[in-house]
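For reference, the chain that follows is the form predicted on its own, supplied as structure tokens.
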């Protein structure tokens, strides 16, 4: 599909009829491709247009336009209906188009001004409004001291009101004209070239003004060097119509002429004083409350109503000129600064991975070595997965101990129930069985956030768990205990001790609590003669484990007569606090945001 782009021949064309070739969606956004369009697709440093595509029964408010291999894609919000093959009206948002056109042409005006001042300058890139940035990039170095000269040349090009020429040519004609190419261009289609006045033409695909005099006031703000390239930055003021004095301008009344003469006189003085006054003196003389600009504004009171509009425009133009001159002081200051290269640099602060993230990476590596696959399942889930599928039907008392956060919503799924912040990573057990189409073997390690209404030295409302699940033929408790022992040795060291205690979980049978010896009190239960406030017994519970209940296997579509499995779910924070030498007796410190604490890891 190829879209004909009408703006290439007429940037001032605001609307056209077109036929819809394709309609699609990207998330909540509707995309439309037309056979032709007046809207500019973002590229070449220029932002895309915005506007409307209006059909018989639908309206697409276009917020972005992109180029996709010849097809122009219009993206936006659709109200009503549009259909492929339908004839629609396409209208560009003229205020956005004209602003983008001003910024784009301004870049070419500044570039031509630079070539007049530094003929060897070679432009390689430019940004004309994307991300609210305006600059031209050169592969050659341009002296910052030239900023004021470039500003004067830029203003002169605007005042000359030079015509901007656009022409469609073939690649062969481009070569015959010996027009230099800053980058490689397609050889199998027509290209457009543009030139300002009698300057050398150059390839260009953006929207352009008719003349330089139509451009708004341009201020060259800075010249920055970086990695051998130079970036010339510029800004644009709001439009002021009829700023230029045309030769055929009709005679103005005596009062208007006085205003105009006074403005010209102030401008001539400012051009001279900018060379001799300090920045503060220039600000006080021309732009302060009692400065010359304020005096000119007071004179506007004497102008008749018929003449006040044109006189005000002249005064406003003078204000922009004075502000532009004041900006040159900042540039001169930068250029005069002396840098002592012998001064030692400031060592930058380097961050590091949060201790919980460090633990996640290490836990993942430990289990990957014995064949587990890392997965992750939803933290906001339907209640069927963390409860019903795990042998805890509705109104079962086992649900109470999880102290679950419910998501407030009027919608309840007819099969899966309400939405909850999942209180454990066990919601991933049946999801993993479903992902593998109920076909063991399964070796899963699921790491995610969990949520419970608990908060003390060993609990937080939000915490992390890692869930292990193994399902295969012949899996026994010995495999479970061996896996726990393997993790203890790898994570805590060869001296680590673990134990399992009989317990009850609704989704495992038999079930166990898993404990590791407490590193804070070295497994004694005492610290400085008092009971250890963290473990209270010498052992620290990290989570539960057990053999997968047959009903859970059935929920996942697996025959419990052929397969068995084990599962475990442990809190990462509580597991991590047992690391040797950590001596962390309050789990909440991990989320305190205290840099003095976090910088220790």
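From a predicted model like this one, the values you see are computed outputs, not experimental measurements. Positions refer to the first chain, counted from 1.
The same protein also exists as the form predicted together with 3,4-dihydroxyphenylalanine (DAH); that form is not shown, yet it is the one meant from here on.
None of 567, 552, 39, 60 but one reaches within 4.5 angstroms of 3,4-dihydroxyphenylalanine (DAH) in the predicted bound form through a heavy atom, and that residue is 567. Among 212, 102, 465, 151, the residue placing a heavy atom within 4.5 Å of 3,4-dihydroxyphenylalanine (DAH) in the predicted bound form is 465. Mapping the unseen interface onto this chain, residue 387 falls outside it, with no heavy atom inside 4.5 Å of 3,4-dihydroxyphenylalanine (DAH) in the predicted bound form. By the criterion of a heavy atom within 4.5 Å, residue 286 is excluded from the residues contacting 3,4-dihydroxyphenylalanine (DAH) in the predicted bound form. Heavy atoms of residue 452 reach within 4.5 Å of 3,4-dihydroxyphenylalanine (DAH) in the predicted bound form, making it an interface residue. When 3,4-dihydroxyphenylalanine (DAH) is considered in the predicted bound form, residue 138 lies well away from it, no heavy atom lying within 4.5 Å. From the list 486 to 494, 520 to 528, 505 to 513, 409 to 417, the contact stretch for 3,4-dihydroxyphenylalanine (DAH) in the predicted bound form under a 4.5 Å heavy atom rule is 505 to 513.
Each of 402, 424 and 546 places at least one heavy atom within 4.5 Å of 3,4-dihydroxyphenylalanine (DAH) in the predicted bound form.
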